[in-house]
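Only one chain is shown below, in structure tokens, and it's the form predicted on its own.
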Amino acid sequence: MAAPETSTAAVPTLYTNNTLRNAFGGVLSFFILLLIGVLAFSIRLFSVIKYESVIHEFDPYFNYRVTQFLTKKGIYDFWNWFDDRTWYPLGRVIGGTVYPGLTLTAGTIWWLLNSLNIPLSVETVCVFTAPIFSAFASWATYLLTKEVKGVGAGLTAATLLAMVPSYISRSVAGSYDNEAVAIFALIFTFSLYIKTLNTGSLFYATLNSIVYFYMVCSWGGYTFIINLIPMHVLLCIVTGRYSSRLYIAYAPLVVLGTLLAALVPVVGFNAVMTSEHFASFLVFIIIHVVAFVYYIKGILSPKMFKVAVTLVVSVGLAVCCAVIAVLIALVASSPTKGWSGRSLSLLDPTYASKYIPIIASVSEHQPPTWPSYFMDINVLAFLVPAGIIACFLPLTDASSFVVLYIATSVYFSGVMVRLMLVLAPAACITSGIALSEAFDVLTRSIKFQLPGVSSGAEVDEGETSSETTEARNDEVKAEKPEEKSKDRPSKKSKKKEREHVEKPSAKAKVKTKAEKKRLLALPLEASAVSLLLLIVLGAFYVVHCVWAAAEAYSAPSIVLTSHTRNGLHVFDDFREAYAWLRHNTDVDDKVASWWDYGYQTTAMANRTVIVDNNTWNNTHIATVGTAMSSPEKAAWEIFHSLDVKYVLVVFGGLIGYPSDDINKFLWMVRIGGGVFPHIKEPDYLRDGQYRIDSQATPTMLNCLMYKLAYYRFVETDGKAYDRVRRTEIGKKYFKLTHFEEVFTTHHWMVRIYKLKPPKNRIRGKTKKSKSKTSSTSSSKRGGIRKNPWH
């Protein structure tokens, strides 16, 4: 009896050591996560440190303007806001056409700070919203990966996500776009789904539905969630992994999540009427059929079960066929088969270029090049395959979800460069798992082969203590029934004794485990070299991420910079042009430009625009594209019918700015020609080539865009050499008859023209006297200002 007493007495000591170790590990993990959050926030501040606290890109200016309105007018006026400054003369209902998550989040932060007497401006809150949520996203990544492969993998994945360039590109300080908060919501939704899958807790299932609702409020990419999770549920059912935990993780999400999603005005009944959501409903029916089959299997005999299964399968097939027939009828009634244009362009990469050029014209909707993968995820591209293999050792419900997540995100990122953002978390999770497993194997191999390590201490302390505790607990449990069964029949006591003899001791278990791990250990030299290479790889990743954050993704598009021998040159032409419009035009004047600059013009110049970046009305955009593609007189008539007073064009030929309107012009032709057939792309091409030199077609040389971009360009250098197209322009000397130049920025990047009134367009010998009279009378009145450029 001495030996059992000793083993029983050792259990509390081992349990205490384990508790202390776990407590210390929890505190250490907490401080590491805190440092990861600080890292994620601080690495995104290069844009503020190097430049200034300013909103970046184009779409964020609309979000900033909406947030300003929300903080001034309140939530009720925000929901009912009709904006007459955009899409003139149609206007736009803002509350019903935006995803309000970002705006409400920033507005709430601003309100809380002001309630605490921290008087930050709305712009400052908007600038720093993305870095704050990048820290939250890193913590959500930790929670997700921890549920899959443990704390070590979770901390590694969180560190990788805090620095990954793909995510930094959309979350630097000043990048006030929907993705700033949506990526956090995406990862946190997946994390709670895996947590519910592992625990079967209805509390986490309900919390998951609420976080999914926040995701729906934040970004249209929520359809990725509501399709990926059903795919995983179906995979689990097909592979025989159905359980009550799977049902609890999925069913509340579909029911409660769909009801909450329908509350968002921009989604509404689309949550149940569009094809993007049908997969979730179909899997919802399937999982209920499977659950019913498992239920009746437990209460019926095998013969009755066969009969019941036949009945259930028959009824289930009939119901499924009826549902599918209804869905097919709904889908067939829609010209796009119930799918949105962007969703169809993801499923068929050629769809947008064939049918919806407005989607294909957006640069972030183009497929990425191979170098962009190495730029945006860097060494993670090599670690992802290793992480996928690690997920299969062993394959669980959680790890199968990660494999499915990385597989689908790789496909979608290959279709649209913008969705590299969705790939980044998946790549960080799988790479974190790979690195964690690799470090575990290598460090254990080194530990086993260090000189002076005794055979009893060769096994990892944590694993040894836990295994020893389990074995000793089993021995204690085996002893207790023996004590109670002293007066019981001899058969039972003999059975207990036999089981006790057959059961291996704790020491034997530990020894066997140690021998197995020793056999799996790598040579000492190989382990040390591999560990060193992984550290070098990590250092290279850190250097690349810091460089990307500081140089590649920190520059705001509203202010451009260039490094030359003479030093740093700053091109602030956009704000110069918008300031001129704000101070030199009437409040009710309408400004026409390509849709790229609509949000900025409305937010910074406070002037009414014809089209903007929302791109909801293809016909309206095609009208502007047709005007830019038409001769001067026809373009004047189109703009005059829209009550336009000023036309703004962006030109980069003088300083070499490639994203100007001349490079975008063919998209204007394609979009305009899609609605107005008289605009034909071949008319603007010479032998299939887009040219602006002397070989350009007459249609190209006489269109409005060419004239507004190159008007007086020959005066800059005498040759009219375009630095973007690297050629001299074809038509250097010409005059404008229906438009007049009113402002050109310092570096000629933005040029603003005013439509001439009809009376100034009178021509002909019989009208000379009238034109002279009108010119003298107007000069007396001082009504027309002389163009300073002539």
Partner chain sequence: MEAPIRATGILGFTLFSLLFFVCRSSPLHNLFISNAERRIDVTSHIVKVYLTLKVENAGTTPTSEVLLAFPPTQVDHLATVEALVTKGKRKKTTLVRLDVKPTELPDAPNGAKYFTIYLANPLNSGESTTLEVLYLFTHSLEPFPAEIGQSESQLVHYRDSALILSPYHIKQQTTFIKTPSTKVESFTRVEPTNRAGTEIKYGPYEDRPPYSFSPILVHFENNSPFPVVEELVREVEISHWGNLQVTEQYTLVHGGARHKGVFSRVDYQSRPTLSGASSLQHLLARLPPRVHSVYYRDEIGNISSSHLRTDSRKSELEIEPRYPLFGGWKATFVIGYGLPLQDFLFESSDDRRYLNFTFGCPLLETVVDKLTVKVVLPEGSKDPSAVVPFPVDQHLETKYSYLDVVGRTVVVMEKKNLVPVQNSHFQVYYTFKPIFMLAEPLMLASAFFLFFVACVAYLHIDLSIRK
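Numbering follows the first chain given and starts at 1. Note that this is a predicted model, so its numbers are computed, not measured.
If you look for the form predicted in complex with its partner chain, you will not find it shown, but the lines that follow are about it.
**Q** Using a 4.5 Å heavy atom cut-off, are Lys50, Ile406 and Tyr553 all in contact with its partner chain in the predicted complex?
**A** The answer is no; none of Lys50, Ile406 and Tyr553 reaches its partner chain.
**Q** Exactly one stretch in 201 to 209, 82 to 90, 660 to 668, 571 to 579 has heavy atoms within 4.5 Å of its partner chain in the predicted complex; which is it?
**A** Partner-contacting stretch among the options: 571 to 579.
**Q** Even though the partner isn't displayed, in the predicted complex is Thr727 close enough to its partner chain, meaning a heavy atom within 4.5 Å?
**A** Flag for Thr727 set to no.
**Q** So, in the predicted complex, is Leu120 in contact with its partner chain at a 4.5 angstroms heavy atom limit?
**A** Leu120 belongs to the contact set for its partner chain.
**Q** Using a 4.5 Å heavy atom cut-off, state whether Arg712 contacts its partner chain in the predicted complex.
**A** Looking in the predicted complex, residue contacts with its partner chain include Arg712, since a heavy atom lies within 4.5 Å.
**Q** Considering non-hydrogen atoms and a 4.5 Å limit, does its partner chain approach His563 in the predicted complex?
**A** Contact check for His563: no, nothing within 4.5 Å of its partner chain in the predicted complex.
**Q** Can you work out which of Phe69, Phe46, Trp748, Phe58 has a heavy atom no more than 4.5 Å from its partner chain in the predicted complex?
**A** Result of the distance check: Trp748.
**Q** Go through Ser243, Thr443, Asn584, Ser557 and name the one with a heavy atom inside 4.5 Å of its partner chain in the predicted complex.
**A** If I apply the 4.5 Å criterion carefully, the residue I get is Asn584.
**Q** Using a 4.5 Å cut-off on heavy atoms, which residues of 716 to 749 contact its partner chain in the predicted complex?
**A** Those in contact are Thr716, Glu740, Glu741, Val742, Phe743, Thr744, Thr745, His746, Trp748.
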